[in-house]
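As a starting point, one isolated chain is supplied in structure tokens, in the form predicted on its own.
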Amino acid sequence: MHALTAALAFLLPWEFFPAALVLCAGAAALYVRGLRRTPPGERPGFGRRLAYFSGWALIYFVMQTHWDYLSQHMFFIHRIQHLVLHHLGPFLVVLAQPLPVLARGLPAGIAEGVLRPFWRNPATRFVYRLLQNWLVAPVLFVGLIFFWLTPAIHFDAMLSAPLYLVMNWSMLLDGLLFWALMLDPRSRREGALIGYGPRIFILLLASLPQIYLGADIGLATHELYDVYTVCGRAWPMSPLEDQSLGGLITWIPAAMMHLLGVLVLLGRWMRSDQGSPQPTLATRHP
């Protein structure tokens, strides 16, 4: 009974942020509504539905439970949090190819009166094209990791509530944009912004600086992130042990996510060359 109570207490928000709840719950509710309005023959399979809900559940878990407390007091837990926000969570959400279902779930008034004019606005299209440029997207994706792991910047972000929120939200939003670009199931001739081959190259190339950074942190012989010593660690672990684990998480799982993305793209590329129809990620734009 005590263990159950402790587990339930762990799942309660450490610091409640309404925006995180609205985003995760709203994404789930909109998808469920869209599924109900999708003809049975067009509904995504179980695997895609599982990927979508798992992605948002993981994002919610690292942002709105006591995991968030641990991430503020253990460097390696923080690195797992950002691995979920920047890699795993967005990867699963995008892998589900949810946009057609989400489009069906939107109330007609919002879709026609708000989202469609917003999407068609030249400024919106310009910013989107800029962020999804083949050069800007990977530089921003990798650059954010390096930026927030710069020791002086990381120190300030972990001690400032507003900056801490900016850090986490920037990782999540950039992760969604990057993986949406990389995992678009369409080929270039079908409307994707970047072809399969260049995307595979980008994924492999973007993994290299992350491997370097993770190795540099994990193999460091002195403490780089003393903010966790200042705040106090949640568990009795030496600073270098905590830092080494964090470096390994930055190094190996992140590189594996890129490799997994390459395998997904290779499979889609092969099916495309064989003439198999590709499910469209964005058949309906608001």
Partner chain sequence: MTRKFLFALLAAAGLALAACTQKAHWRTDDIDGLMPRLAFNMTDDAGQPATGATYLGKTVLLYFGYTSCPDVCPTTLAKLAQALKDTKDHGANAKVLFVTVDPKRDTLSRLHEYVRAFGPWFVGLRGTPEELQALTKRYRVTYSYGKPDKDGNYEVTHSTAVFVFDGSGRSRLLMLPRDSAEAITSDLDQLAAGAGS
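All values reported here derive from a predicted model rather than from experimental measurement. Positions refer to the first chain, counted from 1.
Below: the form predicted in complex with its partner chain, not depicted.
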item: Candidate from Trp169, Phe201, Phe155, Trp134 lying within 4.5 Å of its partner chain in the predicted bound form - any heavy atom; value: Phe155
item: The unique member of Ser187, Gln210, Gln97, Gln72 whose heavy atoms fall within 4.5 Å of its partner chain in the predicted bound form; value: Gln72
item: Partner proximity in the predicted bound form: Ala161 to its partner chain, non-hydrogen atom cutoff 4.5 Å; value: yes
item: Contact of Thr229 with its partner chain in the predicted bound form (heavy atom, 4.5 Å); value: yes
item: Any non-hydrogen atom of Gly47 within 4.5 angstroms of its partner chain in the predicted bound form; value: no
item: Contact label in the predicted bound form: Trp14 to its partner chain, heavy atom within 4.5 Å; value: yes
item: Region of this chain that lies against its partner chain in the predicted bound form, out of 243 to 251, 229 to 237, 35 to 43, 213 to 221 [heavy atom, 4.5 Å]; value: 229 to 237
